[in-house]
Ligand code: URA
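Next comes just one chain, in structure tokens: the form predicted alone.
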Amino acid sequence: MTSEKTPAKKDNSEKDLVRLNKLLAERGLASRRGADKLIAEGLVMVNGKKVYELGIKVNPNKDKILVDGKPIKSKSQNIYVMFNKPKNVITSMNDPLERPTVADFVADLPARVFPIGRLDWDSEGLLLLTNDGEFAQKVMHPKTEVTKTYHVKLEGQPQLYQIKKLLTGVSIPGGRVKAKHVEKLKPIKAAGKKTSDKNDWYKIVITEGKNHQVREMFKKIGFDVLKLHRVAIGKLRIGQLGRGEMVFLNEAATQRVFLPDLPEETHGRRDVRHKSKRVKDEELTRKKFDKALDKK
């Protein structure tokens, strides 16, 4: 290992050295970003000493590496899982408040896995889990621009000019973001349940991954999200997978994650409801809305 704090053994050859964060990701402990966090928090020890240097290199064949007091396991076969996360479940492998977590559903898997990205406590739908840190890094990296598709139920009925704001961009906590595609959905009528015409359903596709992004985007244009369901990551779709259920993915399925889930044209033509016949009234309302939005 090459570090002043934790000297490597002299016979470590350069070709055997790998970055510590990469090694932890390969062993299924976290993504590279997650591994950096483990190192920064002082949870990683090499040859009996804590390390904090993020770019440090180690020899996995000779250096003794502990994470949270436990030795890292030898490299196991990579596994990829698609999980339908229910509401009121934390996207984490542990929770100090002892709330239900994703870990409660994956205890019987043949290898330790971790979630790629997150879904909020009160959101549900497709969540990927793996022990492949390199794959997780690729999925989450901003340059990859992996699309995430959601179905959302709103409290109210937005107008076309309001929805177009999502396509041109809005500022939310964490930065300015915009949707790749927005489309109004027909309400789903469940047997024995009444459906309200006052609350619209929308499909929205994004590539960023800000905290509470979809909820914050609709909040910015004046509408609360009542329900949020992630239905696809790339062109990997959740289909008929039941809540709390999971399936293993083969290589072909994992590659669908990197295919954009977008229609051929995403310029708003088929995105939302038709324009109101009261063009003048709507134009005045739009101008008032634009001024209010700029003040936020």
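In this text the structure is predicted, and so the values were computed from the model without any measurement. Residue indices: 1-based, along the sequence shown.
In what follows, reference is made to the form predicted in complex with ligand URA, a form of this protein that is not presented.
- Between ligand URA and the residues Phe83, Tyr150, Phe223, Phe114, the one pair within 4.5 Å by heavy atoms in the predicted complex involves Tyr150.
- Residue-level contacts in the predicted complex: of Leu119, Ala136, Val182, Val146, one residue has a heavy atom within 4.5 Å of ligand URA, and it is Leu119.
- Ligand URA in the predicted complex comes within 4.5 Å of a heavy atom belonging to His212.
- Although the partner is absent from this view, Leu228 contacts ligand URA in the predicted complex, with a non-hydrogen atom inside 4.5 angstroms.
- Taking the partner from elsewhere, Ser123 is found to have a heavy atom lying within 4.5 Å of ligand URA in the predicted complex.
- Picking from 75-83, 138-146, 213-221, 94-102 the stretch near ligand URA in the predicted complex, with a 4.5 Å limit on heavy atoms, gives 213-221.
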